[in-house]
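Quick setup: one chain, the form predicted on its own, written in structure tokens, and binding and motion questions come after.
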């Protein structure tokens, strides 16, 4: 192990010991996810009461890991930490620069990730405020987003639709289309990456997640992204025997 990794692991152990963030199960992610500034951000969030303990990974993606945590009141929270070293900066730059809510004109990777996290927070809030079931966003700071935990009272996370057996798939599809319509009509957004991988099933109900690249309707890519979302939903529900066409879904959204 090189000295750089050793120092990162030492920093992680120190902050876990001194700053009330403890219990991470997979230490292998430490040097990749928990750089010095991320640890400092987690410390600040801990002091604010958003994190008391941080446990194992719920999900791992190319750009971010989501951890299960506890806040000062003993409530489970989801802690999404974007990795500065492995994020797709070209994609982030394209989606942020075309969004009129942001004026990021920088090639600084950390600043770009911070803007991306803020974008996800704001998209979640807009969706939540119009009644779409998404994880309620709690706070965004630097490369860390803390939001409502979706799962049971024991801390077991809800599974993605792609890994779930749906007892009422038609009901789930109807609700997903309703949320797509609310997102478009009321929140003035399109998801941009909607599929069975980004829909959690919690007690039979769909929950929309991973809305970081969601776009406002006046973005030049908005309709392209909406059509892609519709194609994905048609494909995923056709696979489980629910027949619906792209035109049918689009008509419901635009109605």
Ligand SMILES: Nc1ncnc2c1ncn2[C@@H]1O[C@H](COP(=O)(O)OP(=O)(O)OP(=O)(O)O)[C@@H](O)[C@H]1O
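Quick caveat, the model's predicted, so the values are computed rather than measured. Positions refer to the first chain, counted from 1.
The discussion below concerns the form predicted in complex with the ligand, not included here.
Only one listed stretch (226 to 234, 47 to 55, 60 to 68, 34 to 42) carries heavy atoms within 4.5 Å of the ligand in the predicted bound form, and that stretch is 60 to 68. A heavy atom within 4.5 Å of the ligand in the predicted bound form is found for exactly one of 140, 78, 112, 172: 78.
Of the heavy atoms in residue 189, none are within 4.5 Å of the ligand in the predicted bound form.
Residue 166 falls outside the set of residues with a heavy atom inside 4.5 Å of the ligand in the predicted bound form. Residue 198 belongs to the set of residues with a heavy atom inside 4.5 Å of the ligand in the predicted bound form.
Contact check for residue 147: a non-hydrogen atom falls within 4.5 Å of the ligand in the predicted bound form. Residues of 201 to 217 lying near the ligand in the predicted bound form, listed in sequence order, are 209, 210, the criterion being any heavy atom within 4.5 Å.
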